[in-house]
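One chain comes next, on its own, written as structure tokens: the form predicted alone.
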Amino acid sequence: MRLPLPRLPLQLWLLGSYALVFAMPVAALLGTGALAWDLVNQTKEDLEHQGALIAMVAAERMGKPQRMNEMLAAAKQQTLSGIRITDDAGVVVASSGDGVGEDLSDDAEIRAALEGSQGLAIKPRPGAVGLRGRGLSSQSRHADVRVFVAVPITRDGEVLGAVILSRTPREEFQAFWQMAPRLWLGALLAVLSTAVLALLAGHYASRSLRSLGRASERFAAGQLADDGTSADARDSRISETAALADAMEAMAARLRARLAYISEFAGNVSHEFKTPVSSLRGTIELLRDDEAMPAEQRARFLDNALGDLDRLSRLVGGLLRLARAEEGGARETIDALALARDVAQRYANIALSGENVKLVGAREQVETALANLVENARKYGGSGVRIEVFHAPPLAGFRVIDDGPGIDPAHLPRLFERFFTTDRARGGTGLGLALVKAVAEAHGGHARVESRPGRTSFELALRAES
């Protein structure tokens, strides 16, 4: 389920995310209770230190309650801690407030101190809610608990009693508020730095994205020429934006190449179809207008028309196969040697050699391309034709070699062009080798030819299985 988030500028999203990250440490301190526990521990340590000092003094003044009461009252004014002293039975004999004569022997922390070890208790604090109304800056502490520390009073190894100190820790928000004079300036600088960083990052990122948006609109309008619109995005310091700009420019380059291909293809098709269509039109008009044409001449014209129709049929079939080859097809693992063997068995006297290698491709298309090369070699080459399976990682494929007279060097650069043929008189369409090239390139490979008198080699290379 998608969250109904608003559509906002990138700068605001970055600012919000930065602010969230900035606030997370504070939320962690408050939400996990880590700060509250740390404040309790601070209070505990303070009370332990105070208790140790008071226990040393109380050991010398046990039996003089009046003087101890005065001492404890003065200590409370300085430490804000409640202090009581008990005898070895747990009865309060001196206090910074009231409670003298109270029996505390049932409290676990008191029993621990009277047994010679330090006692600790954290107890709920009655009336804490009412104290919060005094404000965060007051001396009154707002926590819901009170920390009690009991320290044994000893002399010559004998436990004489215990000192019990208690104090309320500060609450988390109270601690933040009391740290404010030192904290606010640092927090303000951190917030300003966060905002500036968010706005700067958003500015540079959104500038690149706006450039990509303009380039996309231009591409959508059919304006594929590179006018520098996406240059800012390609130079972006954000790697993903730069990668996206490179991908868009590569896509535009492919679209430009595709449009150029379509334009050239349409021109070639128009040129190739024009001659047979014109011939058919002339033949039909002649047959229609000359009713007295001798039967022998009429038959000759009809044969020519059928020949033109056959050529058109071959052109249409070749164009369909070429289009399928350029689209690629479903890929599968191909046993190159087995495929070459299947093609060789269609013809007589085709030698086969090479290593067993696996290809990745559309088997039917690869087989058609290889068959085209074999037929071409048998038709125009010598009597000795052989297929070699080769492996040159990351490519592999086939070489079809014949021992014929070779190919005119002037024709070599154009052999794989669509509709180029030296055998038009015998019905050649010039699409067979173009299909071989299309299959090779659709499979990430290439089609090449090398020729000299006595040896012509056509190479069909595709991606080998890794």
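Note that the structure is predicted; figures quoted are calculated from it, not measured. All residue numbers are counted from 1 along the displayed sequence.
Just so you know, the form predicted in complex with adenosine-5'-diphosphate (ADP) exists too; it's not on screen, but the next bit is about it.
The closest heavy atom approach of residue 422 to adenosine-5'-diphosphate (ADP) in the model of the complex falls within 4.5 Å.
A residue is said to contact a partner when one of its heavy atoms sits within 4.5 Å of a partner heavy atom; residue 379 meets this definition for adenosine-5'-diphosphate (ADP) in the model of the complex. For residue 431, a non-hydrogen atom is located within 4.5 Å of adenosine-5'-diphosphate (ADP) in the model of the complex, even though that partner is not displayed.
Under a 4.5 angstroms non-hydrogen atom cutoff, adenosine-5'-diphosphate (ADP) in the model of the complex has residue 407 among its neighbouring residues. Contact with adenosine-5'-diphosphate (ADP) in the model of the complex, defined as a heavy atom within 4.5 Å, holds for exactly one of 415, 39, 59, 68, namely 415.
Of the candidate stretches 371-379, 79-87, 386-394, 334-342, only 371-379 contains residues with a heavy atom within 4.5 Å of adenosine-5'-diphosphate (ADP) in the model of the complex. Residues of 80-107 are not found to place any heavy atom within 4.5 Å of adenosine-5'-diphosphate (ADP) in the model of the complex.
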